[in-house]
Ligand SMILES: N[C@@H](CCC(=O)N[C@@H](CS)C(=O)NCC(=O)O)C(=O)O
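Only one chain comes next, encoded as C-alpha cells, the form predicted alone.
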Amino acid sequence: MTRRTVMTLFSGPTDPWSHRVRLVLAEKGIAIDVVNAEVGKLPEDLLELNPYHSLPTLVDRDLVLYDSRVIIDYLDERFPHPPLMPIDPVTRAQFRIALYRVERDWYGMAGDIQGDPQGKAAAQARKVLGEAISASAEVFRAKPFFLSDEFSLVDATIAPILWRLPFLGVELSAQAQAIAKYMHGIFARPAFRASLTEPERSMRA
C-alpha cells in the first residue's frame, strides 16, 4: 500500500456527508488532496485503510478517520482558525444536539429518497423532510447563521441538504422565506462554491 504524505480526503462527488467535509475544508482554506470515489468502486488503498469501505474517509499520515462527524471535529480542532464551534460548553452542547438532529432526521430522509426515488418511502420522506425544514423557519430567521452570528459546523452540515432539495424533489412551504434568504447567503459564499463538485453544481443547474 502506498503511504500518503499529503492529507487526503476520499470523497463521494454527490454524497452530502462528503460535501460537508469539503465545505469545512474550504471554509478553513485547508490544502488537501481530494480523491473522488464511489461506493462499489473504491480505490484499493481505501479498501485497506477503512474497514467499513465507506465515504468520506480522511487520511492524515498514520491517522485514518471514516466518520464525517469525527472528520469535521478533527479538522476544526487541528486547524482552529476560523473556529467553527463555540467555546462556551452550553452553546457547544446545543450545537451538537442540532448536528445530531440534522444528521438523524434530514440526512436520514435524504438517504431514504435517494435509496429508492420512486418508492412509497421516498414520497413520504419528501413530505416529511419539506415539513421539517419549513418548521425550522423561525430558527433561521433569528440569526444570520443557524443559531449563531458566525458560520459553524451546523451550517456546514445543513447546507449540503438544502442545496439538494430540488434534486431530491423536496419543496418548502410558502412560509419558509427566512430559509430561502439563508440559502441565498450560504450558497453565495466563496467557500461553498469551492466545495461543490461538478455533479453537485448540476443539481441546481
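Since the model is a prediction, treat every value here as computed from it, not as a measurement. One-based numbering along the sequence shown.
Quick note: we don't show the form predicted together with this ligand, though the next part is all about it.
A single residue from the set Asp67, Glu171, Asp45, Asp60 has any heavy atom within 4.5 angstroms of this ligand in the model of the complex; that residue is Asp67. Contact annotation: Val39 falls within 4.5 Å of this ligand in the model of the complex, judged by heavy atom distances. With a 4.5 Å cutoff on heavy atoms, Pro56 counts as touching this ligand in the model of the complex. Trp17 belongs to the set of residues with a heavy atom inside 4.5 Å of this ligand in the model of the complex.
Heavy atoms within 4.5 Å of this ligand in the model of the complex are found in exactly one of 130-138, 84-92, 117-125, 67-75, that being 67-75.
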